[in-house]
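This document starts with one chain, in the form predicted on its own, laid out as structure tokens.
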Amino acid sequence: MKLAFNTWVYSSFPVWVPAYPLAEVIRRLAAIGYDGIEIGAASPHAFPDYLDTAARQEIRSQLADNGIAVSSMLPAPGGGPGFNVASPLEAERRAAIDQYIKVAQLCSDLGGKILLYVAGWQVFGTPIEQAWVWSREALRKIAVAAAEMDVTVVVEPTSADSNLVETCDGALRLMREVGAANVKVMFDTYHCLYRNEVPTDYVYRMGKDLHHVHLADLDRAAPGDGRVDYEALVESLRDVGYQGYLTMEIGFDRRSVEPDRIARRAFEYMKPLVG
């Protein structure tokens, strides 16, 4: 298992500050010791439309020079354009699918192999069954495009933020209904805590289909500063043969945070556990 860090706390999503250029974030995370960087596709970091071929090549060079890999990428859902794959607006659904495919391409261009999928959210007036169908069909289209780029799409249950895929069961059901070889599942300990569930249960239930993990404690605190039994979590991951990244997605929901400190705190706590 390897350790990665999500860039939200260093970017302008969902709060505007702190905000640092991607090159600076790569340098800082590599200096702390992280194996990977999970890049959120939001300005000023990696919004696909803002990065031409030369810019992408420059980022790859920065990654190589600092000895850190792109563990994964994810879009920035919500805000003005929405990017809700379950939206009642057909134009928004099309734009969301297009954005996911753009992020998949950027991920591939930067050497990454994993794209996170947030299944969207049910808007008032839309039957839950219809929202589910729209999300499922969007994922099918995204998966086809991602397969051509050698990118795996992982479905994340996001109970604290959405109302469509909220549970382990929901993520596994969506994966199975899509039925694509490059569609798998992931979970975030923060969302497990929101539902008062035990993260190790997700590990054992997802098993061989588990391809990515987010670590965050209560209030998006660093591992070791909250409630999760991370020793048991790492042991359960070893039990199922998980060999992917453990990615810190922490501290980004507020301005009152020092990104380097929380990144270092998480690394220093988790590194002895993974060896």
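One rule holds for the numbers: they count along the sequence shown, beginning at 1. Given the structure is predicted, the values throughout are model-derived calculations rather than measurements.
Unshown form predicted together with a further copy of the same chain; subsequent notes refer to it.
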- prompt: Looking in the model of the complex, is a further copy of the same chain within 4.5 Å of a heavy atom from each of T7, G36 and A147?
  reply: no
statement: None of V153, V118, M186, C107 but one has a heavy atom within 4.5 Å of a further copy of the same chain in the model of the complex; the exception is V118
task: Examine F83 and determine whether its closest non-hydrogen atom to a further copy of the same chain in the model of the complex is within 4.5 angstroms.
output: yes
- prompt: A41: heavy atom within 4.5 Å of a further copy of the same chain in the model of the complex?
  reply: yes
task: Indicate whether a further copy of the same chain has at least one heavy atom within 4.5 Å of a heavy atom of Y242 in the model of the complex.
output: no
- prompt: Is G78 a contact residue for a further copy of the same chain in the model of the complex, using a 4.5 Å heavy atom cut-off?
  reply: yes
- request: Would you mind picking out the stretch of 135-143, 107-115, 178-186, 92-100 that comes within 4.5 angstroms of a further copy of the same chain in the model of the complex, counting non-hydrogen atoms?
  value: 92-100
query: Using a 4.5 Å cut-off on heavy atoms, which residues of 103-126 contact a further copy of the same chain in the model of the complex?
result: V118, W121, Q122, V123, F124
